[in-house]
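First, one chain by itself in structure tokens, the form predicted on its own.
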């Protein structure tokens, strides 16, 4: 069985200090689940004994030209058809196959942060362009990403900023810039929002591209966050990003996404303050902050381990990657949407709430059904094998207990006790003395689904 990482409490004065010891198998599993979507058992064995930075290097490998070519072909077909649903399936394909999990996970983070939905932006090409923009800047410095997203056609349409006129400044983007994207509530005034809106007048879209209409620009003096000048939109963003609240805001968002949805998040907590200081000193370098988080003592402590509920993407993609599954990406994309995380379809400008909001009686059933569909889909292959029996034979796993423990260590973060394993075997209506050759394929799939439906599977 996968041993518990044995998390320890970290003294407050050691927040985000590096974890220097080699990682055991359970710690590698913890890191790869949070940095990306998890690894197969063989990869966990390979990475055991390496340091956290070395594991991050493994999940940051560049895509092969072949993978990029296939993804481009899938996306091109979706764009030709104008199908956002097929576009989402193209991204699922990349999530399932990219060796650069760190970048894809960060791209998913920004998709929820700078939320833009196909419910309003109906141009699939604009949504894919925005997705590429986020991926390109996912682990870079925050300022270029904010500047680029402010001019992104999909964002301009989503926040009604594509026709911002000096006679009637639209406040939507200005408000979300300070409230949801950069600073958070309580750090600006309504007057700041009104003045910021003036800075973005004249920003519009022509021929599906951003441009400035100088005849509609308000060139007068503006007062933004205590600073005064004849600011245009780019200069206004620079003013916002210099505010000290930005570091704290980013620190809390990153901690919540990568570490914990419950602890460490008070704005004045030492953990937030320490990370915020690092972010400010690094010129808002998000990639540096993410690496500091994921290689820290805090990350491997009791305040992080088993402290997150898997999102639908983390559940479906993580399950598939842990067993080297190839399957129907369109079905996965639709299942994710049905349980609350449709790619290119965040629920509103705030993005997904995450945490306990992922779980209710309806979504729990839907999440179980999503994994059931993956397991039983005719297109599903388990590490290249069409049957689970062949997959297990390749690994020389024979007893039903060995089989159950193998599956559990692949995709369940919380260690299962022997008695818990027996309960699952019994629920699958298999004798605990059975061997693989005597277990029917449908029973093996039922056993796998029983494990995948456990409450423990929802935690990472």
Partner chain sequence: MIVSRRKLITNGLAASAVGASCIGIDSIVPQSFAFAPPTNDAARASDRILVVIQLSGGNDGLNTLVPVKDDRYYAARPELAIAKHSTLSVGHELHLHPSLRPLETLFENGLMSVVQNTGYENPNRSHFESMDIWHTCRRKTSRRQSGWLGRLLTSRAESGGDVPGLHIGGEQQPLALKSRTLALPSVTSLEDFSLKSRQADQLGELLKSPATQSNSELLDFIQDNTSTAMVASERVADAAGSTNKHEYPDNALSKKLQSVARLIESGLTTSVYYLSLDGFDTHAKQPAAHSALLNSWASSLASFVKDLELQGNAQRVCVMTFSEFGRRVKENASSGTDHGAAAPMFLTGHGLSAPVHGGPPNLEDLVDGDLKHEFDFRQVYAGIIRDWLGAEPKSVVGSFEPLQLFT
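Since we're looking at a predicted model, the values are computed, not measured. Positions refer to the first chain, counted from 1.
This protein has a second form, the form predicted in complex with the partner chain, left out of what is shown; the following refers to that one.
Heavy atoms within 4.5 Å of the partner chain in the predicted bound form are found in exactly one of 201-209, 108-116, 128-136, 180-188, that being 180-188.
Using a 4.5 Å cutoff between non-hydrogen atoms, residue 66 does not count as a contact of the partner chain in the predicted bound form.
Though the partner is left out of this view, residue 357 does reach within 4.5 Å of the partner chain in the predicted bound form, counting heavy atoms only.
Although the partner is absent here, residue 437 is not a contact residue: none of its heavy atoms lies within 4.5 angstroms of the partner chain in the predicted bound form. For residue 280, no non-hydrogen atom is located within 4.5 Å of the partner chain in the predicted bound form, even though that partner is not displayed. Remark: all three candidate residues (171, 423 and 427) come within 4.5 Å of the partner chain in the predicted bound form, counting heavy atoms only. Think of it this way: in the predicted bound form, the partner chain has a heavy atom of just one of 386, 221, 76, 348 within 4.5 Å, and the residue is 348. Contacts between 356-379 and the partner chain, taken as any heavy atom within 4.5 Å in the predicted bound form, involve 356, 357, 359, 360, 361, 362, 364, 365, 368, 369, 372.
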